[in-house]
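To begin, one chain is listed below as C-alpha cells, in the form predicted on its own.
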C-alpha cells in the first residue's frame, strides 16, 4: 500500500515506516515560535526556572522571530521583545528581528525543504507545506518540544484536494481557498492534513501556494502540504536550498477523503463576518460601503498580491476617506516591491505602505473603530480581530480590495480589469 505525502514526511522523520493512525515520538526538524505574551515568556520561565535546563542538545533546530507588536508601542511590548532576545541568547537559538513575519521568513532563510517536519504553537506554520514540508501547530505541547526536542503525535489522516483547470482574470488563490470552504464546509478536512496536487496546482505560482497552505485551519485541517515540482525547485534554489527529495504521493496512496476542484469555475468571493466559514459570491454584497482595506498578513502580503492590487490601482486613486494599508509579509518582499516599482505605484494611488509586521492583522495598528467595515486579506474576520468588537471584517482578495478602495464600496474586480 502506497503512502501519502504526510506519511512519507513522518516516516522520514521517524526513521521507519509509519502510517495514518500511528502514535510515535517524533523529533521535529525545526522548532519555531514568535514573540507573544503568554507564550514565549512562559516557555522561557518554564525552561529556566521550572525545568532548570541549562542547554539544549541541538540549538540549530530552533528559530525564533520578533514579528508581533513590532515596532513596540509600549514598554510592556518592548519587554516581551527583550525576553525573546534573552531566551534566544541563553540557549543559542537563531533569532530574526525586523525580517518580517516568521511564517514566511522561515522559508526565505532556507530552514524549510521538502520532507521536513516543523512545529510551532501557531497553526499558520502550515504555510511551509507549500514547499513539501509539514508544519503543525502544537500549542498544548510546545514546551515539550523546547525541553526535549521530541513531540508525541498521532499521524493524522490525509484529505486529497485535486486541482484542475486555471484561474480566470481577477480571480486569486484567496478565492480558491474560500471557494473550497463554501463547497465542502469549514470542517471538510477536520483533524486531517490537506494534500494539494493535480494539474491545476502547476498553474499556481509559489506565492499563491503559500496562501493556500497558510489557511488550512479554516477547513479544519491540522496542516497542509503540496506536491513539489519545478516551481518548488525554482523557489528553493533562489533561497539556497539544493539537497532534498521531491515530495509526491504514491499512486496507490490511501486517503480519508478526496475532492476535485476546477479552477476555471472559481469566481471572486467574499467571506462575511463574523466567521471565516461564511463565504458568499461577491455578487451578494456588491455596493456595500467600506471604510478601510488591508493587504498583508502571513496569508497574503507577497509580491503576487501587490502585483494584483497594482493592476487595479495604477493610474487611479483610492477614494477620499478610504484607508488602504499595504503591508508586505517580509522585509525581503518589501525590498523586491521597491525594485519592481510596486511601492511607488501603491503610494501614488493613495495606499499607505508599511513595514512588515503582524500588527495590522491583530488590530495593533490601523485599528477599526465602532461601526466601521474593512475588506482584508488578514487571516481572521472574527469580531475584535482588527480593533473594535463592533467593527465588521470582510475577507477578500487583493484584486477585490483594490477595486473596493477605488469606489469605497465592495466592487467586483473583473469590472476594472
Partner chain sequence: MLPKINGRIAWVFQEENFDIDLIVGVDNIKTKDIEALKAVCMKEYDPEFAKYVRQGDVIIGGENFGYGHPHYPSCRALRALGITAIIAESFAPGFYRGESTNGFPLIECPGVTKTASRWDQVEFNWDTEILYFTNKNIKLQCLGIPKKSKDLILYGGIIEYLKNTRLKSV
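Positions refer to the first chain, counted from 1. Please read these numbers as outputs of a predicted model, since none were measured by experiment.
Although it is not shown, the form predicted together with the partner chain is what the next lines describe.
> Taking 141, 186 and 380 together, does each of them reach the partner chain in the predicted complex with some heavy atom inside 4.5 Å?
Replying inline: Each of the three qualifies.
> So which of 151-159, 300-308, 315-323, 335-343 is the stretch with heavy atoms within 4.5 Å of the partner chain in the predicted complex?
Replying inline: Only one stretch passes the 4.5 Å heavy-atom test: 151-159.
> Looking in the predicted complex, any heavy atom of residue 118 within 4.5 Å of the partner chain?
Replying inline: Close contact is absent here: in the predicted complex, residue 118 is far from the partner chain, nothing within 4.5 Å, heavy atoms only.
> Heavy atom to heavy atom, is residue 94 within 4.5 Å of the partner chain in the predicted complex?
Replying inline: Answer no; every heavy atom of residue 94 is more than 4.5 Å from the partner chain in the predicted complex.
>> Since only the chain is shown here, I'm wondering whether residue 50 would be in contact with the partner chain in the predicted complex (any heavy atom pair within 4.5 Å).
In response: Close contact exists here: in the predicted complex, residue 50 approaches the partner chain to within 4.5 Å, heavy atoms only.
>> Can you tell me whether residue 384 touches the partner chain? I mean in the predicted complex, with a 4.5 angstroms heavy atom cut-off.
In response: Taking the distances in the predicted complex, the answer for residue 384 is yes, it comes within 4.5 Å of the partner chain.
> Quick one: of 114, 249, 276, 170, which gets a non-hydrogen atom within 4.5 angstroms of the partner chain in the predicted complex?
Replying inline: Of 114, 249, 276, 170, the residue with a heavy atom within 4.5 Å of the partner chain in the predicted complex is 276.
> Though the partner chain is not shown, can you say which of 83, 217, 288, 241 has a heavy atom within 4.5 Å of it in the predicted complex?
Replying inline: After the contact test, the surviving option is 217.
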